[in-house]
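Same chain, two versions here, written out as structure tokens and called structure 1 and structure 2.
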Structure 1
Amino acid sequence: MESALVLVGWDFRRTPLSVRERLAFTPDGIRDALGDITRRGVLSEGVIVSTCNRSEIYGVGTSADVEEAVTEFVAGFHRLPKPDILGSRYGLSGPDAVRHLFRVAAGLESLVLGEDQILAQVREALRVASAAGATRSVLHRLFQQACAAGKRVRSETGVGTRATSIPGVALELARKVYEDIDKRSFLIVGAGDIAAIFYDLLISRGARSIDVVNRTFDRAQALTARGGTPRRWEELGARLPHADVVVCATASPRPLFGAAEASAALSARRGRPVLFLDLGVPRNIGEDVASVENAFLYAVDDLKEMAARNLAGREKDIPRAEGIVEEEMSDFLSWYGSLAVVPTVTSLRRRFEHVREEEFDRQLSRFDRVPAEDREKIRLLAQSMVRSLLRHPTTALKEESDPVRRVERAEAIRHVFGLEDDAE
């Protein structure tokens, strides 16, 4: 039987959050579901991508109505009535399913264009499925190539490379001064929401040396629960020379320090550069700090402007990203197509030979007046007819260079000649 690539999914565009929540798979759930679905024979291979924005099941199906069967399975697994999830479901197969996965990995299907996390999530989905023994050659190759496409899109285009949030831009700037964020010292002044967002980002990027100075010491202490050192307000001046990056995000009505303090800090650092990020409104850092040698000062408006420019840059690069997706896709499909063509040709030949042997020989045996040597001639004639009939479809299939069309042709031939229920 022909095996086909299918995708059944629900995402944030089509499915309301209330339904999506109930369709989400936990890591253990993914293992159980994949074990179950392959054991039942609905899919011969399967991978589940489940994030807060999407639940998608990729698989190699073995029956004609595999999409229905997968939907049925998902409804049963999550104990949801099938009509509830049918409306917003999308089902794709063959090249369309491949394209969708590649676009997902590239961040082109994400809520925030080109966001980074999805690539890691796709990679993780493959890892979990492999560990559960649910992948074989096709899905393994498919997901690896999808990750390669995602990686290329991020490194070769602006989609997803440049940050579009203020903390993201701030971190990107820090990387232009000091390459290794995890080895650098940060000083966060303030412990409010913005300071907390920046703190979380630093922790997630592996920064270890983070001082948090706040007027209320308790709040600094609360913020540094996951690493870093809380400092008293009086220590601000003393900590300044130790910081490679200073982030100010307080509600102070006046600047907390100016060029004099910055200069003193920089000479104590023997001129090692410092990036000052002023996220406060009104400004927390005196504007004259910008004139101090080896000090770089960015205020919140500068960061906003950079973020806006980066977002515009990302959108501009969508066509290039799509080009990469198509390239990687045709690479995968030409491999996959070569898989599909060989079994199709084999079963087509087998079907014709079957007709010749069974039907033709049986009919021939009903004529008793045909001499033996003529029977042999007729048999040879039948063989050569079968060969002639096969010649054209076989070459049309094998010599089609476009991988998408080749897979489509193989599928058409299987359908027309009823090869779907041939045993493999």
Structure 2
Amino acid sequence: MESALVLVGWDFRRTPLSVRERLAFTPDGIRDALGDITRRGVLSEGVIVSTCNRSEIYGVGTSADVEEAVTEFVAGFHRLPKPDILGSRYGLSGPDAVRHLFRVAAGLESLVLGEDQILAQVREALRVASAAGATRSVLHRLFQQACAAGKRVRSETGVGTRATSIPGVALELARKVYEDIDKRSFLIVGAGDIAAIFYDLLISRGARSIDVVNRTFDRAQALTARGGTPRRWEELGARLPHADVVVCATASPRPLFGAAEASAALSARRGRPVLFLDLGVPRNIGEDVASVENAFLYAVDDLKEMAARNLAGREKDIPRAEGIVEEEMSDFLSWYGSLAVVPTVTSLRRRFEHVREEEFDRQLSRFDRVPAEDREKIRLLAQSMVRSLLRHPTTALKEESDPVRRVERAEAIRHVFGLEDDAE
């Protein structure tokens, strides 16, 4: 590669949280940083992927020490002493940087293997950078292909399909019991983080009938802003018979109800079964509920076992996911490599020479009386003309100092003269 495609980053594996939170970019910060870093000429184009677990700057550099220049810029942007962030920094370039991004998009570099959110975050990073005018041909193609790799990994392997979080496993279990989950009634007890995650999963799966009961009514109201009905704490007992699935996720030090309340609810439902999912620690639902007919109770430990099995299943598919990453990466590198100066000039010269020889043979075949020595002179003249025609585009390509503009010129030449499939 002639252009310095680089990555400079800090992630959860190498960087403590106390440093990561100081290196995080807000959406406005990303736009400002991309504007500054390209305006100063540190990078010709750039994209910043900033999540709670990583801050990574991808770019095409214009200097030999681009990693140091990017690190210097990041330290200055966040007003941090450079030595404070240097120790946990990692820098990659060329194919290694490409491979890392594709693995990130695939969820192979995530804290939770195969997490869903990272693919959307990579896609959003490209959108923000494009809107800021910080991407051009190389990073736009790179990130589009990374997203394609992430999508393939999720559709062709089990890396991202089996839930590994407790709320995710709870929903997976509910979907196994009730296939028509969008038509079922849910009662969520609690409005904390776990309850909120389960609520988000329900909304994303199309569930419509969701009651949220919480000791603080305002929090129940806030949680149901995108659908569902907030309920006051006093309504808990009255709402139990209406729910096909009851999810408890509170910090209560003792069970909120037991077999007597569950039995009464099932009686009111005329025996229609209820799935009880206890996501609280300590337990929110009495263990004796499991003894009630048509009550199916699962607690955190049961769900942890399912999560562990799912994680093992995901890990089995890592080799297949890595194979997809390598395929997509090879495709990108093939495109990128074809845009280098030497293969482009070689392909262009070969195309001109091919046209010259065809025309030369076709035209001279019409002139039988042209002596052999004159034919050779005409051939040399034609060769000279081809060299003259190639001189300017070759010089313009070789002497372009901006690596991205050089790639764009090579891409334009390959497109105009139909060299896309003319691989070296």
Partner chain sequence: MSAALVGVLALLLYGAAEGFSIVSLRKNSDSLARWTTVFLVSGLVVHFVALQIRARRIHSVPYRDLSDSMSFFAWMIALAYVILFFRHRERSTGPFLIPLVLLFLAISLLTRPATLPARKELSGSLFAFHVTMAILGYAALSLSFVLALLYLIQNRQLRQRRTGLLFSRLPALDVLDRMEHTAVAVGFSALAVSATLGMIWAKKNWGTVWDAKLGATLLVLVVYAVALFSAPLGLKGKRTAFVSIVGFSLVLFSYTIVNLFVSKGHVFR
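Along the sequence of structure 1, residues get numbers from 1 upward. Since the structure is predicted, the reported quantities are computational estimates derived from the model, not experimental observations. Rigid core: the largest C-alpha set superposing within 1.5 Å between the two forms.
Pick out the form predicted together with the partner chain: structure 1 or structure 2. Answer is structure 1, the other one does not fit.
State yes or no: after fitting on the rigid core, is the Cα displacement of residue 411 between the two structures at least 2 Å? After core superposition, the displacement of the residue 411 C-alpha between the two structures reaches the 2 Å mark, so yes.
Once the core is superposed between the two structures, does residue 317 show a C-alpha displacement of at least 2 Å? No; that C-alpha moves by less than 2 Å between the two structures.
After a core superposition, would you say residue 359 shifts its C-alpha by at least 2 Å between the two structures? Shift at residue 359: 2 Å or more after core fit.
How many angstrom apart are the two C-alpha positions of residue 187 between the two structures, if you fit on the rigid core? That residue's C-alpha sits 4.2 Å away in the other form.
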